[in-house]
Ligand code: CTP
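Only one chain is shown below, in structure tokens, and it's the form predicted alone.
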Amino acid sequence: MFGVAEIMEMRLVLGLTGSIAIYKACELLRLFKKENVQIIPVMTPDSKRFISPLLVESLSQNKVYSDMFDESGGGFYHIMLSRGADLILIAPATANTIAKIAAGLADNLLTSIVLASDCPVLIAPAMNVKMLENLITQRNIKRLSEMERISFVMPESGELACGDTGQGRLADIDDIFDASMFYLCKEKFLRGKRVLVTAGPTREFMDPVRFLSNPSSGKMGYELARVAYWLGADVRLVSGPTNIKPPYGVRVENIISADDMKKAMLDSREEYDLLLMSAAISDWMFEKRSDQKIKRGCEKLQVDLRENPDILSLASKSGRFKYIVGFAAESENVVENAISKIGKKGIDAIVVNDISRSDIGFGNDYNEGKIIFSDGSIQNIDKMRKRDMAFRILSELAKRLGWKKI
């Protein structure tokens, strides 16, 4: 295993307040534990009316703190817990807690920790729409947002627990998680770098309902974009059709066909430090596309195909990408075919995996492969989660480019 958690220790103070949305924090705890984040749960008195501290303790695998003082040893929890934290996340955050922090009040352990610390604070509000829209709450949020160390993941719109409809529902848990990981990942070797990632399949339509495509899920590309954001990059993701929620903090452009992908990548005048071409672009398109659905009625249907443009080669010739990495899924002669593509396409490196194996690659959460560089050197990547593989790839590229100390 080689991932974010293997090279850095991440320490999170998770503040839980008295909102009915607190049950969603259970899933948030699971996501953090999956990345080996050390969680220090702090519950306000009202939050314990909604879920049991025992449940939080079991999920976080750590003691739950709520009282201001350690009566057994005389310690001051708000001082002890504020030291060494990489992030204070308050999710869900009630209007009451937000108001207390804005006013500088410290009448419970959570608000005292915020005042006693100097680490980033991320707040995910959850409340009734009228409470959120109230001028007092809006002023408190605006005032806190103007402070450099405090940021928000604002609520979503929808049906609320009280039956009202509007903004106030706790933000998507995945968004809160991604926003938190940006702060928890202290290594920012991609800070200041502009990265373009392509992901997913493309579709070439024969008629309005039938198309030529491939089984790519887009998972590898989405994890590359997600981890690049965690590591500080300005990330743009150009994605074919997938069923994956876009990573928080990443600019996303959705496309359908190879021609759409070419236009999205090359019609823009933007320049990038790194291109990660992980999309599985269809090599072929239909010579003719019917405007109407083709009906049954003949035993054989003959169609003509023609090659799509080689977008990776065009990207290499465009001069808009300082370093270009291709991705190849091979079923035979894996290394030889990958090395051949580096020369033909004029790229700097290629990541290749063996699609003949059912336990890695298309649609799987795990992958294994090799990074092959234009100078002939090869970095082997053992089987691991695609998220960890994304970190491994970006780490190796950053070392190669001098963005990260070896």
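In this text, all values refer to a predicted model and were calculated from it rather than measured experimentally. Numbers follow the displayed sequence, beginning with 1.
Only in words, not in the display: the form predicted together with ligand CTP, which the text now covers.
- Query: According to a 4.5 angstroms non-hydrogen atom cut-off, is A328 in contact with ligand CTP in the predicted complex?
  - Reply: Judged by the heavy-atom cut-off of 4.5 Å, A328 is in contact with ligand CTP in the predicted complex.
- Message: K48 versus ligand CTP, in the predicted complex: is there a non-hydrogen atom within 4.5 Å?
- Response: It does not: once ligand CTP is placed as it appears in the predicted complex, K48 has no heavy atom within 4.5 Å of it.
- Query: Though only this chain appears here, would D310 touch ligand CTP in the predicted complex if you measure heavy atom gaps against 4.5 Å?
  - Reply: Taking the distances in the predicted complex, the answer for D310 is yes, it comes within 4.5 Å of ligand CTP.
- Message: Would you classify I281 as touching ligand CTP in the predicted complex, given a 4.5 Å non-hydrogen atom cut-off?
- Response: I281 belongs to the contact set for ligand CTP.
- 301-309, 128-136, 166-174, 288-296: which one contacts ligand CTP in the predicted complex at 4.5 Å, heavy atom to heavy atom? Of the options, only 301-309 has residues within 4.5 Å of the partner.
- Looking at ligand CTP in the predicted complex, do all three of M277, K341 and K345 come within 4.5 Å of it through at least one heavy atom? So, yes: the whole triplet contacts ligand CTP.
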